[in-house]
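Here you get one chain, nothing else, as structure tokens; it is the form predicted alone.
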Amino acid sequence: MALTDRRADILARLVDEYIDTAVPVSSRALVDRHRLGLSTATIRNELAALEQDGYVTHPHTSAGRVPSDRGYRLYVQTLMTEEAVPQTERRTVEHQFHQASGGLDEWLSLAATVLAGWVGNAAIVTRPRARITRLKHVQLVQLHEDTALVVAVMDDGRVQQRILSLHGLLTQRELSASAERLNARLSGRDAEVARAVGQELTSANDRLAALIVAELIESHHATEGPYLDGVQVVLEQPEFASPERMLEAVRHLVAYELDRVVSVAADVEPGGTKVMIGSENSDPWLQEWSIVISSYGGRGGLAGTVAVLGPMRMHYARTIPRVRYLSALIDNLMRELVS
């Protein structure tokens, strides 16, 4: 059911108040600080209606209310006003990026640092890569009569390699013929296909090489760790005041596989921005967090992500345009790099 204009206004102010204070918001606080021109009793009734509709919740230890996932979602979609990045800040950041001499890796590290400082939450920036890593071609190089080096070149140009213990003694000519057979079946394929093909092959050496290729494709995709900044800033927020909550956050942010955080970008088109709030995240540990994520690149099938991870009490109006801006800036710098 659509909200009345008055309830929408009260909800927007409640979300703003809670984001700023981290304290459940009472009807008295809304009257005193926001000059709504309504009595405390009227606001109390409207808050009760918002709670009944699922937009706010009522912590049992407090007289105030806090936004629910649904309340935050409506706020982000229709109620908030984005805080654009001022031109002075843009000029400062763009100067920093153009002064960076380390190329793409330095840009991505700088983006994480700038973003975390801007929004007061954890910033995660990933390298551009294929949404699904595929094999370009494989080579088998003789090391000894009974060992060979499997060299797998991926579709983004990077290389992975591993030693293969051979069944029997093979010459380089025989290894090259094996690589030719593998390329005919595996070139342009992902890890899942490579594994399936490997299980079908009758030659023991071809089968082992194909299975190694599948593992190399997977490890290539998994080892491209993201740039992470702002963990300390996140842990200083009231949501992590208890030692238990802080330890849990550290375990996930530092030791957890952060690629699972940014995997929500899989359906974000390059240049697009997505917001995932609380229970909208499928991963259980993320259901008390929000993610704002944008995708950059997309040329040649390669794309990277710029993301902010923080409590649901996130300053969305400030965070969303800054994630979008830095994503676009990296994209423009990459275009300049290849032009």
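Just so we're clear, the structure is a prediction, and the values are computed from it rather than from any experiment. The first residue of the sequence shown is number 1, and the count goes up from there.
Although not depicted, the form predicted in complex with the DNA is the subject of the following passage.
- Proximity of residue 335 to the DNA in the predicted complex falls outside the 4.5 Å heavy atom cutoff.
- Mapping the unseen interface onto this chain, residue 38 counts among the residues with a heavy atom inside 4.5 Å of the DNA in the predicted complex.
- In the predicted complex, the DNA lies within 4.5 Å of some heavy atom of residue 27.
- In the predicted complex, the DNA sits within 4.5 Å of a heavy atom belonging to residue 44.
- This chain is displayed without the DNA, yet in the predicted complex the stretch 30 to 38 from 30 to 38, 271 to 279, 307 to 315, 286 to 294 comes within 4.5 Å of it by heavy atoms.
- Within 4.5 angstroms of the DNA in the predicted complex, the stretch 57 to 72 places a non-hydrogen atom from each of 58, 60, 61, 62, 63, 64, 65, taken in sequence order.
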